[in-house]
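Before any questions on how it binds or moves, here is one chain, the form predicted alone, in structure tokens.
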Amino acid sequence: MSMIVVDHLRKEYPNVTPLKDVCTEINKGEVISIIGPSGTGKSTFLRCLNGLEQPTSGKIYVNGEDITSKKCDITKIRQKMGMVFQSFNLFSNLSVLENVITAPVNVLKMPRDEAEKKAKALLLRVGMLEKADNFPDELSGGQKQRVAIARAIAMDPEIILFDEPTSALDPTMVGEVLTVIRSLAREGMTMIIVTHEMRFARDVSTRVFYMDEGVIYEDGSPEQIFDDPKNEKTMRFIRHLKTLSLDITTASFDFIGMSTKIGVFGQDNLMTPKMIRNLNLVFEELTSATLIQRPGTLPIHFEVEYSNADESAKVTITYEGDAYNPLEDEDSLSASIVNKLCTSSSYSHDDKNTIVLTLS
């Protein structure tokens, strides 16, 4: 028997219908990542699964029980279905340890000393035991999310729902949370994860749902969804992920913000850390270290196209001014760095300067 069966699920609000007709089955031990554009019902779907939202129509069965029925004890269902939110939802007035033991003591009626022992073991597992006596306001975003995961596990759930668990985090904190979720996946925990972390979705999932227009538009293995999608909307979404455009219009542009966008773009497109680092190096050396220093080059357009097939990136840089190819400057350290990173390069000047580089 499937752990979860969703039968023609629909959810309507006065001005929008995020879920139109969702049908699926989820088995024990599966790790399902849900991807897709914003506003396509991904988070609403999770909230319906654990009863935070009441469906307009349709049925949801958890271990054979219809949780949409008025006779269902949804509180009992939630005891076996943990949820981790993007905004952490920790109790700010309680310590880390108290956040983890509150539900086991009050809901499961676990003896406090047993709950504390278990909580400390879970906090050690997620790397947060040394913060047991701290309060949430004293923690980073990544630390808060790890505590939230420990709190969910403390209830011994049969399934955990993750609603974009890294979306509120600084990019430097994302990895520590994903590491914890990966360890749960290796242990066979059933999980449904709404995420924009495409490399993570590919690495950790047994199935991927692409949601669009209120339905599961495509359901397949990570290899199928990312490498060989069958449906047009899925293809368009994946293809859109593979192009990044940045425009520099002033010498005081937000270098850190644009570099962060390159990092997020790389993660979303399953790039290796080396490729992301090289793209950032090319961006830094050819924009802020070289072209910005030369009068008359603004605006500068920086574009990256990435191919998963051969794991290569094409970088196209266009800029104003007289003919000038910075890669030909033999005395330039920036030129030396970029030339070593590229497998090929070309330069042309028509009405604008254009550099095309290939990285692999």
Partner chain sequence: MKKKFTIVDAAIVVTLIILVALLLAPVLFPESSLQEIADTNGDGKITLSDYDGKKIGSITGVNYDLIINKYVPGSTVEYYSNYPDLVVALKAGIIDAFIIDEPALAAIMMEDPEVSQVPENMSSWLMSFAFSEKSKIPNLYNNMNSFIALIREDGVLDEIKDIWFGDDESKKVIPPLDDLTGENGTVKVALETTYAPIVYMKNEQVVGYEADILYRFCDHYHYKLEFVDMQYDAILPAIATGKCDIGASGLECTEDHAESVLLSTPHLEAGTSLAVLASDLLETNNAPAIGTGKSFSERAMSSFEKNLVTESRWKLIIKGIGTTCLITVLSALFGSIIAFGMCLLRRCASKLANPVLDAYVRIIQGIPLVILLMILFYVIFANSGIESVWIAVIGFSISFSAHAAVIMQSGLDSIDAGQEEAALALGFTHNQAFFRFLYPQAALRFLPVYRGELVNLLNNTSIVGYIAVQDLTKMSDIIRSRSYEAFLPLILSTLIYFVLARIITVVVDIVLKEISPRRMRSKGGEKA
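Residue numbers count along the first chain shown, from 1. Computed from a prediction, not measured in an experiment: that's the story for all the values here.
The form predicted together with its partner chain exists for this protein as well; it is not shown, and the discussion that follows is about that form.
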Could you tell me which one of Thr75, Thr272, Ser245, Thr179 places a heavy atom within 4.5 Å of its partner chain in the predicted complex? Thr75
Which pick from Val215, Met235, Ala103, Ala185 sits with a heavy atom within 4.5 Å of its partner chain in the predicted complex? Ala103
Contact check in the predicted complex: Ser140, Arg146 and Thr172 versus its partner chain, with a cutoff of 4.5 Å between any heavy atoms. Do all three pass? no
Would you point out which of 194-202, 122-130, 257-265, 81-89 contains residues with a non-hydrogen atom within 4.5 Å of its partner chain in the predicted complex? 81-89
Even though its partner chain is not shown here, does Arg47 get within 4.5 Å of it in the predicted complex, heavy atoms only? yes
Even though its partner chain is not shown here, does Thr250 get within 4.5 Å of it in the predicted complex, heavy atoms only? no
Tell me, yes or no, whether Asn93 is in contact with its partner chain in the predicted complex, where a contact means a heavy atom of each within 4.5 Å. yes
Within a 4.5 Å heavy atom cut-off, is Met189 in contact with its partner chain in the predicted complex? no
Considering only 188-213, what residues come within 4.5 Å of its partner chain in the predicted complex, judged by heavy atoms? none
